[in-house]
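We give structure tokens for two forms of one protein chain below, kept apart as structure 1 and structure 2.
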Structure 1
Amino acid sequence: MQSKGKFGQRLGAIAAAAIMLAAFGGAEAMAASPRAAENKVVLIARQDPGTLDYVTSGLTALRLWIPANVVEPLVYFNKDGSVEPGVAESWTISDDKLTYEFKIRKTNFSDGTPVTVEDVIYSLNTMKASPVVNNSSAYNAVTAIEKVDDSTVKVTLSQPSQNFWRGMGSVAGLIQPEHAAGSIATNPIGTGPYVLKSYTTNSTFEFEANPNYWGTKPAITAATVRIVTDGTAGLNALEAGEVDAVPVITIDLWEQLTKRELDKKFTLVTYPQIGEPTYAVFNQKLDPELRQALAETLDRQSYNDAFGAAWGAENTCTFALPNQPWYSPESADSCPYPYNYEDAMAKAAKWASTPLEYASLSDVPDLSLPADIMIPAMQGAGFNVTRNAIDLARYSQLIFQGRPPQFDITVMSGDAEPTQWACPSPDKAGWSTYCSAEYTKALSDADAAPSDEEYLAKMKEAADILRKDAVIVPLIAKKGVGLFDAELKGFLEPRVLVAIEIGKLHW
């Protein structure tokens, strides 16, 4: 049996300190923020998620702020591989890795009600049934979630699962009170260091320190996250001292960082966790030869050049980020349908009468820009492509919720989790599913792999299946980039997927 706890905490603290020192070296001295004396911060977000229901929505705009700050997972995975307690104060794993027992912390949710074993069982079962594949896939091998006693939950698996264990430190492992589930979309409740005091659509998130928090009280007692969709306006606010950080700077703004020398005036951080692959999506219903011909119109370097992002993005044909071991940069070996415009033009004649609807986002600049490149390139090659530009709210309804997929072509950027494309059966095909039995099996085999070497081999096999089918066609792999006031310390690379941990910051 394995038992983890305080040792992992110490390793995590050392790693956090190292990360902080590395992240904040070299910035120029700036005047103190007027909020420093009050231990408050104002941060900038670019997008309004529309809902805070992390069970049914996988939007990054939501995952940046609610996990880790308001709602905590059972455990935390640190960058160095160590594991820290979360809602679970300790745990045991059987030698055959088929049984996990979590000792639940004696603490309260932010509304003052005690955390119970029943709440934990409810939370895990809710995530098991989540329509977001990234959440539910962690439970593919789970056969039972049971109460052992008033402080212990036992989870039984049908086979060893790397996805399950890692999921307990991610969104799939977030713990909520069952009695408050009805208000999760506007007022999620958890055990994290902050309480969400208010969420005003298209305006702000207001966080205050959680008086019931079980851990070390956060130095920042109150945080405002302003939703500013105009990225330049957000950078202007930072430069004017109106805000203290822009933790996520989308790729369309990267060129400004160097031209305005903001990377010297403020602390520039880059981190892979919130990096995202940008990729074209071709509806699986399209003829495979058509998908392959469309893929040949994609000049990856043109997308990289358009963003002025040579220092922050890499061309790739692999759905992954550079910190994932199965990742490969663009090469003849890893790109089955490389840019070949003449060949694409020759093939387009066969499909000239086939109408293709390109669904593009009108209010997400880092996705409208690649659409601006992609659509004329496809039209110029001779494909019959029509653009349908819609805003994020409408896109969420039409595209993310659409089953079967309600588009022919689109471009997207999001987390690099490969299981989001797994699909158990074709009748469940939707935006976040890719119904290839071969791909799904390769991922399943990787999940159950008994060794790291076998896991990597299976993940490479899955990546190869994905790229050859030309449904998900990666273009570039982006890093996460943020700017912080030089006096605002403590940034920690995200541990719960992409969440920015406000509780680690301090003046």
Structure 2
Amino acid sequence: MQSKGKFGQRLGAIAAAAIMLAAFGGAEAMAASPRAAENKVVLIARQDPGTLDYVTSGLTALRLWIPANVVEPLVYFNKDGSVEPGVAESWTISDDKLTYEFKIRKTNFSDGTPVTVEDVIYSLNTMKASPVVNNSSAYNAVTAIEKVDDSTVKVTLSQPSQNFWRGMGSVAGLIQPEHAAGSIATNPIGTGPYVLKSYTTNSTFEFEANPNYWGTKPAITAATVRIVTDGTAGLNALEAGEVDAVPVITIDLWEQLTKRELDKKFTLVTYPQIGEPTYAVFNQKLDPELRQALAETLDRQSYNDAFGAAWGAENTCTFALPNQPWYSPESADSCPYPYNYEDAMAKAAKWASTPLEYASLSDVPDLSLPADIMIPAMQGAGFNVTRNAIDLARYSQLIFQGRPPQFDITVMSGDAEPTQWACPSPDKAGWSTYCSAEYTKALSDADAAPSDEEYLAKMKEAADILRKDAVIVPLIAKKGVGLFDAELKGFLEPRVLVAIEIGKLHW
């Protein structure tokens, strides 16, 4: 009995040692993904969209996966600005840029039904009426959407519109069958390379290759997107080899990513399309001098440093992502109220008795971290700032939904176009409170620009007006950051707004 007990003890000790060795031992060599031989992939998404209805929802969590994979736009805009066919196999644009004719491809939706001109007209009209401003604003100049013949749709504009043409390569140009519109929230149908086999909220998207796809068959025949809201759990799954990529790693995980040396074990990609500008918002009701003094407390480098990975973000004073031609990083030229703490302290004395409420989103790390830096800096300079920490739903009610919005200062992050700040009159100001006739006109002129050069010049002019008004004050431009299995190739920077194109990946 005694020897048996000792044997048991030894066995236990060996097992414990093995576990400890495995648990705390060095990094092991990465094995090839077990999915490679089957041409499958498992990816990770950080957020659950809750709905796949891209007509009524502008959530990034949705736009990452459905456009381009399942539902395609009329055309695709490449990174270099060139245009490729999508649902439209060709198109003609009149010389005065007021008439667009789209020749619709003879193909089928993933449910087997043919794509018709009526479906295209329905889709464009649906997007024109979309409550999501980013969708509907592409159609501001559209006066008619008509059938020419069984394969041609004509769109007539009241004035040339850059927003319309670019929108046809974005979510605003996605084409769906009218008969399946009722189930779009759980089962969107389109002409893309994949069919969405199932969507389980808070769990997974399952994609399978679309047998009716008109283009080259994708190399990846099936993809699972696991929704893992806990960022550490997502990185653990990647490290354990259970998944092949985390294409969008939010800024709160960047430091962990480098500390765990995951950037050495996997292919790290950075791309601006899925990035987000982070910006302070000062209510326009505040005195312009006060807004300018507050802007001088913003040390952009400290925000960048706080996220612990300078390769993922740039300091900027432009509201745009670095892939936009009118973007410029922080410089003496691009920052009208550069960081100048002493000057801010001197000016703060005048405003010390003015109470300022800082509305802070408590449950979004990307935004609570900048607030953690911003508020003490403003208080330290002598401004009378009080933090009001609230959750997203309450924030939506007070700020996005409330008119006028109830805040003096806040911080926000978002990938929307600069056109979101366009405002026909002060009573139509959106949640940001920003309204400038001059800015709106510059954007309108940019939209109507007959050439790309004039468009760019007007967009730069608009960006300059925005920054000088010190209501929207950009801090940093975050890039999209992803980690891919080293063997998984073909990642393409998003062409349709923020979509991750699974069809371009291959082992």
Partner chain sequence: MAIYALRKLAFFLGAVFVASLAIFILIRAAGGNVAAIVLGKDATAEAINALAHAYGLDQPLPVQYFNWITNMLHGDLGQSFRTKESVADLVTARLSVSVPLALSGLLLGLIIAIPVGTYAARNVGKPSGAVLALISQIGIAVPVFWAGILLSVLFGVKLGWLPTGGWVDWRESPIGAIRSLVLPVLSLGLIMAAVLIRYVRSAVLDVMNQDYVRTARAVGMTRTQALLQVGLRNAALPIVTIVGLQIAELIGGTVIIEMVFSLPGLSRMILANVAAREVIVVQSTVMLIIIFVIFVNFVVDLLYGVLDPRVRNAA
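Between two forms, the rigid core is the largest collection of C-alphas that superpose within 1.5 Å. Not measured: the values here are computed from a predicted model. By convention here, residues take numbers in order along the sequence of structure 1, the first being 1.
A.B. asks: Have a look at both and say which one is the form predicted together with its partner chain.
C.D. replies: Answer 2, the form predicted together with its partner chain.
A.B. asks: In whole degrees, what is the angle of rotation of the smaller rigid part relative to the larger one between structure 1 and structure 2?
C.D. replies: Angle reported for the domain motion between structure 1 and structure 2: 19 degrees.
A.B. asks: Just grab the Cα shift of residue 338 between structure 1 and structure 2 for me, core aligned, in angstrom.
C.D. replies: With the cores aligned, its C-alpha sits 7.1 Å away.
A.B. asks: Report, to one decimal in Å, how far the Cα of residue 383 moves between structure 1 and structure 2 once the rigid core is superposed.
C.D. replies: Its C-alpha position differs by 9.6 Å.
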